[in-house]
Ligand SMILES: Cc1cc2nc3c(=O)[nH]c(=O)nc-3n(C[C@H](O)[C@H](O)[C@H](O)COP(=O)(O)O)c2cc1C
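One chain is shown next in structure tokens, namely the form predicted on its own.
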Amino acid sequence: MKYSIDEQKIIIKANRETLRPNWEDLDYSETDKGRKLPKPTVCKSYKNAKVFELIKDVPSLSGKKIDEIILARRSVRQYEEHPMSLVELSYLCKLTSEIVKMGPGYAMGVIPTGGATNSLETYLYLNKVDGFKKGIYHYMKDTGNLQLIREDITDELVNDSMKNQLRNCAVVFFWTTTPYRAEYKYSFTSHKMIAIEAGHACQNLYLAAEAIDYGVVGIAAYNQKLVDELLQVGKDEFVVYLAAVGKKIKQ
């Protein structure tokens, strides 16, 4: 369904207000936290899903300096026919998604999040990774491992959900948000922070990948319905950002 011009104007106005919430209007006593309602969980898990261990103490895989990495960062859309190794996958997950401290209603890790609310979950489509079947995997915040949640999918399903941007990448990172994790504490001011949080995660991925000569392209233009169906999420949890990752083509 396409929006009319008038509908687009209404949406644009509402979204601009989301990007500039008035914090002076936030009454913490009237948030769900202020009303002492139960805290939302910040750690999703799947019962009976097969678990695959990542390398926890993965060493630094790069001799590059941080300024060199930042200045070299570019979006890369074409990749070598090169499978990612377990150590490389562990490295990227660690620097993108690792949680170092977690408790009731909060989680702190390698990316900053508003009030440690940690609204994001990380999913991966492992397309070409040594030792792994193709499928959708969920990153477990509490253990730093992966859970296989879907292997009944094809490249075509993934590519359609990404609006034909799968190409021949090794891995796709998907970030979903569960907005209530932030809304519980910050109400109407939380949605700007969620968008920023997703940006932090993808930037970490860009820099970690650049450090080991992998390329990344962050993707905000995707088919929302299809990508949510792919991850079997939707109303209370949905995709907000994704990125394709593959080995850079040697020049």
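Throughout, we count residues from 1 along the sequence that is shown. Given the structure is predicted, the values throughout are model-derived calculations rather than measurements.
Although it is not shown, the form predicted in complex with this ligand is what the next lines describe.
Using a 4.5 Å cutoff between non-hydrogen atoms, Y206 counts as a contact of this ligand in the predicted complex.
Though the partner is left out of this view, S75 does reach within 4.5 Å of this ligand in the predicted complex, counting heavy atoms only. Although the partner is absent here, I212 is not a contact residue: none of its heavy atoms lies within 4.5 angstroms of this ligand in the predicted complex. None of the heavy atoms of I66 is located within 4.5 Å of this ligand in the predicted complex. Out of the listed residues V217, V42, M193, A201, V217 is the one that sits within 4.5 Å of this ligand in the predicted complex by at least one heavy atom. Heavy atoms within 4.5 Å of this ligand in the predicted complex map, among the stretches 182 to 190, 217 to 225, 46 to 54, 23 to 31, onto 217 to 225 alone. Looking at 165 to 204, the one residue that comes within 4.5 Å of this ligand in the predicted complex, counting any heavy atom, is Q165.
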